[in-house]
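So this first bit is one chain, no partners, the form predicted alone, shown in C-alpha cells.
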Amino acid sequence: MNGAQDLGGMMGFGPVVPEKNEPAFHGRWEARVLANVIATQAIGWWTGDASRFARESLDPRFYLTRGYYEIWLAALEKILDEKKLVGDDEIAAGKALREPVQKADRIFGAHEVEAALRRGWPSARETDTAPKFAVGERVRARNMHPRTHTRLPRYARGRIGTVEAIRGCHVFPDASAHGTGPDPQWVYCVRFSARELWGEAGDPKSSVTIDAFEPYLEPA
C-alpha cells in the first residue's frame, strides 16, 4: 500500500542523520516491545509480513510523529485487538480485565524468544518453477498501487532497471501478510540508475539496487 512508511525518494523530510554509537535499545521498554512482538507472533496466528502491514496501516499522523518502537507497539496492539486476544479497554488499562475470546496454545518464555532471534526466520523455499528473467535482462518495475501489503518501493514503480543477480525463491510478502500462505516467488537484484529514478536531478554516477519479487517485474 502507499502508506506513510514509504518515504524513499520523497522530498521535505531532510537528510537521514545516523546516531553515533547508537545502542540497540534506547530504553528497556523498547526491548520488551521487541520481545513481545516475537513471542506473540510465535503463536502462529499471523506472520512477520502481517506485522509489517499492521505498522504501515497506522494513521500517517501517528506514524510520522512516533519513534520506531512506539510504532511497533501500536501495531502489535492493533493485531492483538483484531485477534481478540485483548480489548481496547484492556490496552487502555494496561492489564487483562477478562479472559480472552481466543486463547493461545502456549506462552513463550524469554529463553525461547532469544533462541528465535538467534535462529531467524529463513524465507527461502524450494520450487519447481524456473525464473522468468535472466541476469543482464532489462526489466520494468510494475506501476502498481495495491491497498494491501507490498515490498516494491513507490519510487521504483514504472522504472526500468537491469537484473544483476537472482536471489532464489522466497516467501512472497504480498501473500504472507494476508494469511494466504507463502506463495513462493523468484527474487531478483535489479539495479536502477539515479537518473532513471529521479530524472535529471539524479546523480549520473549513482544507482540503486532493489531485491524485487517476480510479480513486481515485467519485460522492459
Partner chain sequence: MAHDHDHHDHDHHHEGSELSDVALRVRALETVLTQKGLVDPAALDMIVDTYETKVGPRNGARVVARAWIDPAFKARLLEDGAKAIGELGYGGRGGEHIAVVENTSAVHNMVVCTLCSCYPWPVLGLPPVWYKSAPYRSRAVIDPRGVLKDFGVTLSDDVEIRVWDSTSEMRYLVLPMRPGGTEDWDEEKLADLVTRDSMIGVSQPLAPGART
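Residue numbers count along the first chain shown, from 1. Quick caveat: nothing in here was measured; it's all calculated off a predicted structure. For clarity, a rigid core is taken as the largest C-alpha set superposing within 1.5 Å between two forms.
Although it is not shown, the form predicted together with its partner chain is what the next lines describe.
Asker: Is there any non-hydrogen atom of residue 95 lying within 4.5 Å of its partner chain in the predicted bound form?
Answerer: Residue 95 belongs to the contact set for its partner chain.
Asker: Is residue 133 near its partner chain? Define near as a heavy atom within 4.5 Å, in the predicted bound form.
Answerer: Taking the distances in the predicted bound form, the answer for residue 133 is no, it never comes within 4.5 Å of its partner chain.
Asker: Please run the contact check for residue 128 against its partner chain in the predicted bound form: heavy atoms, 4.5 angstroms, yes or no?
Answerer: Judged by the heavy-atom cut-off of 4.5 Å, residue 128 is well away from its partner chain in the predicted bound form.
Asker: Applying a 4.5 Å heavy atom distance criterion, does residue 120 contact its partner chain in the predicted bound form?
Answerer: Although its partner chain is absent here, residue 120 would touch it in the predicted bound form, with heavy atoms inside 4.5 Å.
Asker: Each of 50, 140 and 186 near its partner chain in the predicted bound form, meaning some heavy atom within 4.5 Å?
Answerer: No: no residue has a heavy atom within 4.5 Å of the partner.
Asker: For the stretch 1 to 33, I need every residue with any heavy atom inside 4.5 Å of its partner chain in the predicted bound form, listed N to C.
Answerer: The stretch 1 to 33, when checked against its partner chain in the predicted bound form, contributes 5, 6, 7, 8, 9, 10, 11, 13, 14, 15, 16, 17, 18, 19, 22, 23, 24, 25, 26, 27, 28, 29, 31, 32, 33 at the 4.5 Å heavy-atom cut-off.
Asker: Do you see a C-alpha shift of 2 Å or more at residue 108 between the shown form and the other one, with the core held fixed?
Answerer: The answer is yes, as the C-alpha of residue 108 shifts between the shown form and the other one by 2 Å or more after core alignment.
Asker: Superposing on the rigid core, does the Cα of residue 204 end up 2 Å or more away between the shown form and the other one?
Answerer: No, because once the rigid core is superposed, the C-alpha of residue 204 moves less than 2 Å between the shown form and the other one.
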